[in-house]
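Same chain, two forms, each on its own as structure tokens: structure 1, then structure 2.
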Structure 1
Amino acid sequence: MRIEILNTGTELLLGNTVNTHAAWFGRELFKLGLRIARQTTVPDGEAIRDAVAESLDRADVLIVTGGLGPTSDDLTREITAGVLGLEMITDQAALRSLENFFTLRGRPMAEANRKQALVPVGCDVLPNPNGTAPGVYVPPRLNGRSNCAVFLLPGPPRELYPMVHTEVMPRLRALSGVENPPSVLELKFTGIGESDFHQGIDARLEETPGLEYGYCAHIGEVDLRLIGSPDVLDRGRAIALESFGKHLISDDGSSLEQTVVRLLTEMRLTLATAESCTGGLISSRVTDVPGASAVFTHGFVTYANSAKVALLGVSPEDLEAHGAVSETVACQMAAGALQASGADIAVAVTGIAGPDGGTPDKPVGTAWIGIAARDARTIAFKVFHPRNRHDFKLAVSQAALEAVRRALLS
């Protein structure tokens, strides 16, 4: 089944609003064994007409989001009805629902809202308990232009997502006839490049019958996506782990920070962080994970050298002799965080985010990561990530969390 998504809204093209619908639809549709064939974004108004007409000639299902509001540029209903040659009428049930929506909130309904009850003749009205814009379903039998089912849905996620689950998914399931959706397995790896994956396992994955696979590279991470039957997924997983098992973060879609929190929880250990160049990003990532409060004790953000001395006990003489971005200081930061927090393990980072501040010996992108643990020797290692400040911080935080993961496993 060829499914196309048409997102409408000038704000999506101006960059004022981030379009998250494609990723969400992709995940939800895959649960039914369905895929998005194409996604298109157009501004409000007449641009919708050409986009709808083009999709109707290609797709089996067209899902349109946005443009169902009461304003003059909300024209999705009217344009779609015009393209399909369907008359518009006021649906009395939809109008009563609109009136009740405003009555319950003690607000008068503007005359402009009445247009939201307009529906092409013969179409299904999709209730919207979370907003004023009901959805519309145009069954293939009403589409005199092509055999394409059309869904007109509100744009705001708080209205769109519940409507998709309750109204759209059952209809798509019936239309598609897919009874046994394929399984998917996502394995996350770090410390290995995407090209190394291609060279290392592509040929063997390609030779596995019934296996669909793909890669998605992020900063400090490569995700391997396997699709197929459970037996096929087991074979694909074994191939990947045989070559890159030590780099595996998770095989259940868990992020690196989720994996670290899980390991700490299972081992009943606690973690502290000491951050300079990452400015608290490592702590933020860890505390984004539910349950982190049981394993995370302290997060020291010691951006200034004076803070490193006062809070972590870093030697002023060593700062002078070696500089803040050095093995010596990274070790002292980690050891100081361990002692001050009472945690079982501590990770420290210090580096040069740029764009200024680098030297020939320590260019922009250089960072040192220190690891300290109870009854173990404190160590530090150097990484080099010459990126913009945002990506540098993300890459260093990734390397630091991976250092914690490996320390826990060892």
Structure 2
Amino acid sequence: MRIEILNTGTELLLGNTVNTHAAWFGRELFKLGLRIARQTTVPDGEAIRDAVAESLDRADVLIVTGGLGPTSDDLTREITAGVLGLEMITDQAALRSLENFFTLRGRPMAEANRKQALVPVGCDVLPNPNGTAPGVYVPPRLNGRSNCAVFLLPGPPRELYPMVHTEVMPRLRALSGVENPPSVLELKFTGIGESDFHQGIDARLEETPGLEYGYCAHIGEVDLRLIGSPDVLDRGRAIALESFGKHLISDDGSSLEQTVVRLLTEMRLTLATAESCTGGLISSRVTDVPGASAVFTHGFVTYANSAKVALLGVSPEDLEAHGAVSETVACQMAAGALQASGADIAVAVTGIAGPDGGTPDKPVGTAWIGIAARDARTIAFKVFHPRNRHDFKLAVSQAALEAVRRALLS
């Protein structure tokens, strides 16, 4: 089944907005065992006409996003109906739903919004509980030009995503004729690189019949996506975990910080952080997770050496003797954070983010990570991520959170 995506929006081509729809649709369709054959972006307005017509002649399914709003350059509905050879009528249910939307918010509905209830005759109107623009589904039998099924969907992700899940995915599954779409399993790993996977398990994954797989590498993380029947997924998972099980973050899409907060919650433990080079990124990631307040209490961002001494009790003599980026200071920071917070476990980082401050001994990209816990020996280890400042912070925060995860499981 050939699926094409057409994204409309001048802002996508002026560079004001990065188009994330294509990647998102790619991941969602992959779950049904489907793929995007082509994705196109055109500006708002008349440019949509040619792009729709060309796709209709090539594709089995065309998904159009954007241009369903109330303004004069929102022309997706009208233009597509024209190309399909369909009349437009006002859908009364859609009109009432629009009126309700405004009533609920205590605002009068502008006359311009009425056109959002105009739909091609006979099509399915897809409800939009999160915005004003209903979606439209034109089944192949209504298409006067080709045998292509057409979806017209709103552009904003918070309107688009729920509509795709409730209205589009079931129809795509029916259109594709696949009775049992393959299952998908996503395994997230940290502490190893994509090339380790290539060398370590690609050959064995390749020779597993019925298994498709792919990698997605982020900073400090590699996601392995497996697709196949449940049996085949079990085999793929076993291969991956046999080689890299101790690096597994999650098998349910959870991020590293979500995993750490979940473990802390289950174990009824609390965490404190002491950050120098990451500047608060570790605590910010932890507090991105709902429920973090039950397990995270204190974060110390000790950017200056004086702060390390005053807040964490780091020894000025050791700072002088070993430097702030050292095993000794990382251990003292972690132990000090544990002591000052009363938490059960503390993680500390100190490093050289650059661009300045590197030395031959301690080049830009060097960091020490310390871990302290009640009734355990405080330890520290070194990592090296010679990257730009932003990516360095992210890589070090990932290594620090992974150290917490391992300490909790040890």
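Predicted model only: the values in this text are computed from it and were never measured. Reference numbering: structure 1, starting with residue 1. In this text, the rigid core denotes the largest set of C-alpha atoms whose superposition between the two forms falls within 1.5 Å.
Of the two forms shown, the form predicted in complex with another copy of the chain is structure 2. A rigid-body turn of 18° separates the smaller part from the larger between structure 1 and structure 2. Core-superposed comparison between structure 1 and structure 2: residue 9 shows a Cα shift of 3.0 Å.
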